[in-house]
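Let's start with one chain on its own, the form predicted alone, as structure tokens.
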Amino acid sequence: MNKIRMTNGSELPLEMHKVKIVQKIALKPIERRLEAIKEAGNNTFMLNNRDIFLDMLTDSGVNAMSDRQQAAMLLADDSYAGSESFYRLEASVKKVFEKKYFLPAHQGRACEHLLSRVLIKQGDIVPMNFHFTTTRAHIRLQGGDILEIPNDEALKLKSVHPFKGSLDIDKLKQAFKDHGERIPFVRLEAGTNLIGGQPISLQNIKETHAVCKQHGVPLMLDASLLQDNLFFIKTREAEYKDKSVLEICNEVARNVDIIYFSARKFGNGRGGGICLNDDAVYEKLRELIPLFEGYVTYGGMSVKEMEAIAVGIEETMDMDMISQGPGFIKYMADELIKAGVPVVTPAGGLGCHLDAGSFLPHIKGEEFPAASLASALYIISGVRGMERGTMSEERNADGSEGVSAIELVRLAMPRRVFTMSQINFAIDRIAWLFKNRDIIGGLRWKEEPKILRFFNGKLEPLNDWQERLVQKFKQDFEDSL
């Protein structure tokens, strides 16, 4: 995406693609939206797509495919074993990650499951820059636990630090002193999801790898959001501004030992995979692929998806492609800041993140401010965001609520999906909601699952604040949806 300056001096992200296939969407009346969120238990995951106008829940599996990806799917080789589609995908993966082995899986959390089974034992501790929900769950299911050691800027929602996702090297060194042989590997997450899609620097990856090598422990990279991170390395890390995206990606890969990714994000398809050089770990993983995923040359993926991902990974090395998401996200964040709306800064990848704690300071953590904001936003706009706060946490060992350190509503920006008018509509409705934020109230559990409760748990409002919000909206917008 090129930076284009308008005649008034403003800069506008300009899409370097044209739309050739469209899908019809509808903006339902606000009365139906209120009914829908109640039916969903105030959990945006539980909404039916038919009731959604702009789906900003996630970028996983919902990115737009290119014409080349669609065409490649027609080349699929339907062989159960030894499909040519696998070998084309393998070649594409090896070109960017430069590892000896590639094992396919149906998505990123399947990779986490396999890696945890092979590498984690009871009592292990895994240091990482920040956890992802499924990562932590898989590690704990194997008897291990996580140790988050991000840099000091990571949890500051307003910051100018360019790489808030980077790991604290001094804390990593201390972790090895404290836990020694209990550390099976160190994990880095590119484009750190739960703190606002914040990137890690390549320098930090190198420094982390050096400490790991010193202690004979592999460094693992979750590369699901690597494409955004590559953009930020190229644009924020001076040493790499003249390097190609592929050169940067290769250098990242040379400084980690195990890479896994969700191709629902990295590759714009539906699948995933693990890349590594270690013979012994590879053999252990290969034995599990047929048991949990499928044969080793399809790993739970369809051959059509493998063809699409092979092309998608190649296209991810194009700066025009990887800049589209961050460009739209920055535009949205900048416009919301102008309206006084609190958002995570600097704008990262994945999506624009509303600071629900500052947006709704009158709602206590135990009353789920991020979930309340996500519900309110859907009611007044039809925009589906994702709660990334206390609802996404787990209860403490004593049964008390595990209140999150940060409360965010993620408005994901799937690549090449939304138009600028749709983004401006979302900005307008969020700005209106901020002016009327005092109407929004808290939520409480109605149905609470024990594991990953944010996926299918249900909440209910503490009072009639949702009805009052609808009344105010209808008063201000009259016959508008």
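In case it trips you up, residue 1 is the first one in the sequence shown, and so on. Remember, it's a predicted structure, so these values are computed and weren't measured experimentally.
Note that the form predicted in complex with a small molecule isn't included here; everything after this is about it.
S.K.: Heavy atoms within 4.5 Å of the small molecule in the predicted complex: which of the stretches 232-240, 95-103, 129-137, 116-124 has them?
M.R.: Result for this chain: 129-137.
S.K.: With a cut-off of 4.5 Å between heavy atoms, is residue 109 one of the residues that contacts the small molecule in the predicted complex?
M.R.: Yes, contact at 4.5 Å.
S.K.: Would residue 386 show up as a contact with the small molecule in the predicted complex if we use heavy atoms at 4.5 Å?
M.R.: Because a heavy atom of residue 386 falls inside 4.5 Å of the small molecule in the predicted complex, the answer is yes.
S.K.: Can you tell me if residue 225 lies within 4.5 angstroms of the small molecule in the predicted complex, counting non-hydrogen atoms only?
M.R.: Yes, residue 225 sits close enough to the small molecule in the predicted complex that at least one of its heavy atoms falls within 4.5 Å.
S.K.: Does residue 392 reach the small molecule in the predicted complex if we count a contact as any heavy atom within 4.5 Å?
M.R.: Residue 392: no contact with the small molecule in the predicted complex.
S.K.: Within 4.5 Å of the small molecule in the predicted complex, heavy atoms considered, which of 293, 305, 189, 355?
M.R.: Of the listed residues, the single hit is 189.
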